[in-house]
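In the block that follows, a single chain appears as structure tokens, in the form predicted alone.
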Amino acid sequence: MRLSTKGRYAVTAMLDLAIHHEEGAITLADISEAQGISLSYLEQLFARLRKNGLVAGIRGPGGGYRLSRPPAEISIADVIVAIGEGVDVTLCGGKTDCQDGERCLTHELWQQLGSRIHEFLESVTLASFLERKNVNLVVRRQQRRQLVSIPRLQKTVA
């Protein structure tokens, strides 16, 4: 099973919003620069995230996007599902027609694996992931690297 670029980028962008949750709206340009994700790709992702109620758009000066709920209330699974991805690892996409139109020998195994992966992703929230030591080290490194080029980070790095 492999999560697509769309899923990876959506999770990364949502984690960036979670990092700056207390600061208010963050522009997609800021996320693009900080995370190395194409601005046009982020625009497509955020249309889906907004449609599914995970982010809210703020218009005008100081506008951008913010999480619609606290980071502790948004799971990684919520993000993956919102952008139209899943964690199905069956060959048939869950249709049970894996082998000549019928269920294959290992269908149930792969279906259960997909369920376990989804359960795991449901158990990890944006907030809980950011609390991990190694993740926190990456956040600090990115903030130091971007300090000069992104004004919003000047407030958060001390």
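Each residue number is its position in the shown sequence, starting from 1. Keep in mind that this is a model prediction, so the values were computed, not measured.
Keep in mind that the form predicted in complex with the DNA is missing from the display, and what follows is about it.
For the candidate spot formed by 9, 27 and 51, every residue has a non-hydrogen atom within 4.5 angstroms of the DNA in the model of the complex. In the model of the complex, at least one heavy atom of residue 57 sits within 4.5 Å of the DNA.
Within 4.5 Å of any heavy atom of the DNA in the model of the complex lies no heavy atom of residue 33.
Among heavy atoms of residue 41, some come within 4.5 Å of the DNA in the model of the complex.
Taking non-hydrogen atoms only, residue 63 approaches the DNA to within 4.5 angstroms in the model of the complex.
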